[in-house]
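Read the single chain below, which is given as structure tokens and is the form predicted on its own.
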């Protein structure tokens, strides 16, 4: 396993690889990350994993500082599953070149997390554009847990380069909670509560098949969940899988949610 820290080292290492798989991460690995890496190893000749906590996609310095980091443990996991390359750049290395044209998210896409977390996805798209341009992978593997991120990267970056964004299913723990690095910031009791919330949300998604007034029904369910679990919910919305427009029917849809437990923000979709 080669650990690469500069663009020059990266280019030299992957220059002649044609079928390269890329797994972009912010570290603090869990089974969801491992699942992405295994998909890449199965589909591609070589796999490169990046570990970079991107400050541009955080809405506060405190959130950025508190984001869980454990590079030594991450490298141990990557070595065990025999990853070929690990790219661990500094912020200076990533943003060395100034962007000629600023990334601006169109108004129609300022929904869900983009509406709540201003500038978040512009930061995500900026770093993903730089990484994919630099690495030039055949496939980039991303999880469906952050479905809006997957959608936007595919729409604005996937078709820009000769690179296919490969979606991978959300991995959940025994309690049905979607795996996330942010889960490390929760206590045992809060993790139990988050698992119960995930089960309730899944039942709500199933119940939508029999509902006509979906918007009103979800408003009621949002209030019920907030009261029952003592949480703050940013949004609970049913949207089209293909274009993320709002829906009045359950067909080809996903139920999106963002909520806070003990000031830790979790997202999910069903």
Ligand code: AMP
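Numbering follows the first chain given and starts at 1. Because the structure is predicted, anything quoted here is derived from the model rather than measured.
Absent from the display: the form predicted together with the ligand. The rest refers to it.
Engineer: Using the partner position in the predicted complex, report whether residue 130 sits within 4.5 Å of the ligand, counting heavy atoms only.
Structural biologist: No, residue 130 is distant from the partner.
Engineer: Does at least one non-hydrogen atom of residue 232 fall within 4.5 angstroms of the ligand in the predicted complex?
Structural biologist: The answer is no: residue 232 has no heavy atom within 4.5 Å of the ligand.
Engineer: At 4.5 Å between heavy atoms, is residue 79 in contact with the ligand in the predicted complex?
Structural biologist: Result no; residue 79 lies far from the ligand in the predicted complex.
Engineer: Should residue 36 be counted as a contact of the ligand in the predicted complex, where contact means heavy atoms within 4.5 Å?
Structural biologist: Output for residue 36 is yes: heavy atoms within 4.5 Å of the ligand.
Engineer: Scan 186, 94, 179, 111 and let me know which has any heavy atom within 4.5 Å of the ligand in the predicted complex.
Structural biologist: In short, 179.
Engineer: Using a 4.5 Å cut on heavy atoms, which of 84, 136, 170, 154 is close to the ligand in the predicted complex?
Structural biologist: Filtering the options by heavy-atom distance leaves 170.
Engineer: Quick one: find which of 103-111, 162-170, 194-202, 85-93 has residues within 4.5 Å of the ligand in the predicted complex by heavy atom distance.
Structural biologist: Going through the listed ranges, the match is 162-170.
Engineer: Who in 46-68 is close to the ligand in the predicted complex, meaning a heavy atom within 4.5 Å?
Structural biologist: Heavy-atom contacts within 4.5 Å come from 67 alone.
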